[in-house]
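Okay, here we've got a single chain as structure tokens, the form predicted on its own, with questions on binding and movement later.
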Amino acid sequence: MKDAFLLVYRNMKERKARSALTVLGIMVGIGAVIALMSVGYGMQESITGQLVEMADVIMVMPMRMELGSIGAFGSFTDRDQEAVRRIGGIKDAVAMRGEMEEVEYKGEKFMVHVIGTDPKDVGALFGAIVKPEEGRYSKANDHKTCTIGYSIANDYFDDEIGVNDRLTINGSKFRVVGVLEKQGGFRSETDSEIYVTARDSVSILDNEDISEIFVRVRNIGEAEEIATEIEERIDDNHKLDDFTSAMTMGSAIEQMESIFGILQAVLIAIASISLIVAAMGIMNTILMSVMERTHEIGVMKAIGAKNRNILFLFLLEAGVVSAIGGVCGCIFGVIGAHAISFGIHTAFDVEIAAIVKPEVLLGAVVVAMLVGILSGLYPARKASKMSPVEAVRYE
């Protein structure tokens, strides 16, 4: 075994450029797979982590909605909200009225999602997750006041909006009493919304329809059962089938994980193309090595080397080259993952950690070695089948 490794080392040392290029091919392929998988895991963790924080929440919407498809729209009534509140196990049921409205500030106009809800329900709506960065939430006795998302305050208009500034919403003047902290990720919609009291929303939205009911349950384990009961009760109120969609955060997490699983598979398939190219490089390297060392193979066979010894020698060379490439690829992939994470944060101001899992690194090295050995199998078999007499005579 020691002699075999010495022969492999000598051959790689004599053909440094070729060996280096082969290692580089494996390194790029493995590095690409690790970098993309690590960023994918980071993205999944970022989004599902935020969903887990809202594990006691059920989003009730007047439509049949699944991720990727939305059915017919509609609206709820106060009767629907009361029916939901009467269901056992529900802690809070918050009615939300929301529409896209024209918002004006210092002559600039944008269409913004305006949401109306009772001030007493703000704690149930946001909990401890969303807090004002500046100012406060609207109070029950406030008139024509609003709390705005971070992006509304800082990104939409040329001039930043602060507490006590005035906005015009659908022709009505509103005073800003609070600016929410930046959320991003799954809660990024909050950054681009304006919140007013339910009383004010009726006047500016010009209707009393409820667009969504935000439910918090007492026992997270009962969320799925309660969601089903909510759908049945509201459907009965409207005498319609599949009118209501009650989505728990648990089901949302499952759907998101399914989507991320598909995304990871696609990314790995794309990155694996470079591994296929690297495999061709290994095969070419070992074939060239066999041709250049034909005379040496003949001499080894003449002095007693068996076919399996020759086969093992060339497979060992392929395995060593690919193992080195795999280890270098792991290092390259970790650096690449953190570079991509930093680039996303710099370009889009979105925090996505690069999550590098040890099992992924170990698997990458194993895959690299398997690719190398399988790629070197044909050249190694060709070398082992050579006739000793013909090989010794070869020049």
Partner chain sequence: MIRTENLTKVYQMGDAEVYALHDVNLEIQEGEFIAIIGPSGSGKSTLLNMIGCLDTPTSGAVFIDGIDTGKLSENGLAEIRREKIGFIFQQFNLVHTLNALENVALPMFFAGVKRETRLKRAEELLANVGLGDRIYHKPSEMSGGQQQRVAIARALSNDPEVVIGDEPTGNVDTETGNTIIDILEGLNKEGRTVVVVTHDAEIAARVGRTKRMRDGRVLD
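Predicted model, so just to flag it, every value in this text is computed and none were measured. Positions refer to the first chain, counted from 1.
Note that the form predicted in complex with the partner chain isn't included here; everything after this is about it.
In the model of the complex, at least one heavy atom of Ile303 sits within 4.5 Å of the partner chain. Proximity of Val266 to the partner chain in the model of the complex falls outside the 4.5 Å heavy atom cutoff. When the partner chain is considered in the model of the complex, Lys16 lies well away from it, no heavy atom lying within 4.5 Å. Contact annotation: His295 falls within 4.5 Å of the partner chain in the model of the complex, judged by heavy atom distances. Judged by heavy atoms within 4.5 Å of the partner chain in the model of the complex, the contact stretch among the candidates 109-117, 307-315, 253-261, 277-285 is 307-315. Shown without its partner, this chain lists Met247, Val163, Ile270, Val299 as candidates; in the model of the complex, only Val299 has a non-hydrogen atom within 4.5 angstroms of the partner chain.
Contacts between stretch 142-165 and the partner chain, counted in the model of the complex as any heavy atom lying within 4.5 Å, involve no residue at all.
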